[in-house]
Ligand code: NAP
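Listed next as structure tokens is one chain, alone, in the form predicted on its own.
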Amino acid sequence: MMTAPDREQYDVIIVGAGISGMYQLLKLRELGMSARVFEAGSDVGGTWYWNRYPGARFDSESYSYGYSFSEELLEEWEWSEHFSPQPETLRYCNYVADKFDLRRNMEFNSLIKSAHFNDDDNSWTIETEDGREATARFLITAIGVFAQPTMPDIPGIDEFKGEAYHTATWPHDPVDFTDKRVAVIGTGATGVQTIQEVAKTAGHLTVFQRSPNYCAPLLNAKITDEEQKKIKASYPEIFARCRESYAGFIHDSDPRRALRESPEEREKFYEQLYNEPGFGIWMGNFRDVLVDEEANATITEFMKRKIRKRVNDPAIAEKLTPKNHGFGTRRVPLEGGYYEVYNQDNVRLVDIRETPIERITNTGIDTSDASYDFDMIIYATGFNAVTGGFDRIDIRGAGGRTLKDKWAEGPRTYLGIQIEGFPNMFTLVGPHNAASFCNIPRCIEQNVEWVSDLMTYVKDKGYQRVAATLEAEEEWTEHVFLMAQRMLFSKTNSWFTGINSNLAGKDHRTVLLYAGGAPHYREKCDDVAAKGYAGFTLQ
């Protein structure tokens, strides 16, 4: 253990070198504050560094995703596709890091083991897995919504002798599926993207599905030279539209109500949205389809008909049709031929609700009614979303209280940015934050800029300690739950509500995101700042 004088000391420590960590570092530099970023990976990129699985790409329009803070960056960078693939997005992150010389304030291959608050001097001390320590007045977590992948609790996972991968820890070297017998476990957003790519070359693909999802067409395309010029000329309008929309996308809800339109008009509108690129059918639909069960039933039935039309075998189509939730009440995977995959001769669908997986063997997978041999198993089993990255670190606040104990029944926060009992710690894209239900860079920029303004205030006033009050935390947490109760997703099991059937103990319903909308969230944050950071004790 290092002695205090031997520790590296900074004004601010940032955990994570993804989209939020990079921008936060840049803003702290502008404030003249010393900062150090600690990143578990070997380079920048965060989500786009780790998630290299086949088919990984944006489901928000590329030009609405990149940073908006630099006109020069917007002019220099050109997205090649309307929905950027992972390799290009990672190149973008590296381009930003190079342009602003961010790496000189970063330490890579530095997995944080613990972060402890020191009551005697109002500072934080972090320790990495290899025993290095650093101290700072402020700690900012920039660990992302999907920082901690989950493996299913299946006996024998370590016994398999073939190739095995989790989508969130995909190798940097190419993986070849040609003529191989491949299993994919999971049909969430990452599973949908992976399955489409694997099916192109695998000798045989077996998909093990527990919970089908409603998927909608992505309709991706290359950006033409003419479109490129139009995009660059339209950036102010694009970002203004994102700023005004509910979730930071270029899509926003239609002011009409599904139940007030004729069946013919509804069908026409749904067909239009289904044949347009991106999240319009989810985020740009009638305003009542995500809050009213009867309205939601109209779009749900439309999506069911689409599945039946696209899948040749009625029995397979039935298995691919969700029975326990309506359209849009879980995250909607976007696809480019996903349902047609199941029309291929080299693809088999196994419904593990009917025939559960009993164990992984050294040669493959045993279900309750059959044994399957594979050359490769891919686990597309998702993440311990939002709070998982926090759970992995031993975070202790004032008086040594652990964050894991504080959040034992679900997260409690103030503005999704700070936690009572954990002074001088700020959570970018944390639970109860609009950024966890958003076109994420749009909300990241708001988070970073708001925290940076608070840092400026603290610096100018000479404060040493910023702490959310219990009353403010209780009021915000109650508000978060009230906003969620308006939405149909609050009645559905998903990561939105903290449910993860791959994790023991993750069957307790809570709320992990802010459902009041990004504009309303921004207004709340701005109001707090305008009142001298009401709800915080500054000393």
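In this text the structure is predicted, and so the values were computed from the model without any measurement. Note that residue numbering follows the sequence shown and begins at 1.
Beyond what is shown, the protein has a form predicted in complex with the ligand; the following relates to that form.
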Next on the checklist: Given a 4.5 Å cut-off on heavy atoms, tell me which of 419-427, 115-123, 295-303, 326-334 is the interface stretch with the ligand in the model of the complex.
Outcome noted: 326-334
Checklist entry - Of the options Val350, Met106, Ile185, Leu90, which one has a non-hydrogen atom that comes within 4.5 Å of the ligand in the model of the complex? => result Ile185
Checklist outcome for this item: With the partner omitted here, the residue among Pro322, Pro356, Gly364, Pro152 that in the model of the complex has a heavy atom within 4.5 Å of the ligand is Pro152
Next on the checklist: Is Ser211 near the ligand? Define near as a heavy atom within 4.5 Å, in the model of the complex.
Outcome noted: yes
Checklist entry - Heavy atoms within 4.5 Å of the ligand in the model of the complex: does Glu61 have any? => result no
Next on the checklist: Residue-level question: is Arg57 within 4.5 Å of the ligand in the model of the complex, judged on heavy atoms?
Outcome noted: yes
Next on the checklist: Is it the case that Thr190, even though its partner is missing from this view, gets within 4.5 Å of the ligand in the model of the complex, heavy atoms only?
Outcome noted: yes
Next on the checklist: Contact check in the model of the complex: Gln24, Phe138 and Trp450 versus the ligand, with a cutoff of 4.5 Å between any heavy atoms. Do all three pass?
Outcome noted: no
Checklist entry - Taking heavy atoms and a 4.5 Å limit, what residues of 367-381 are near the ligand in the model of the complex? => result Ala380, Thr381
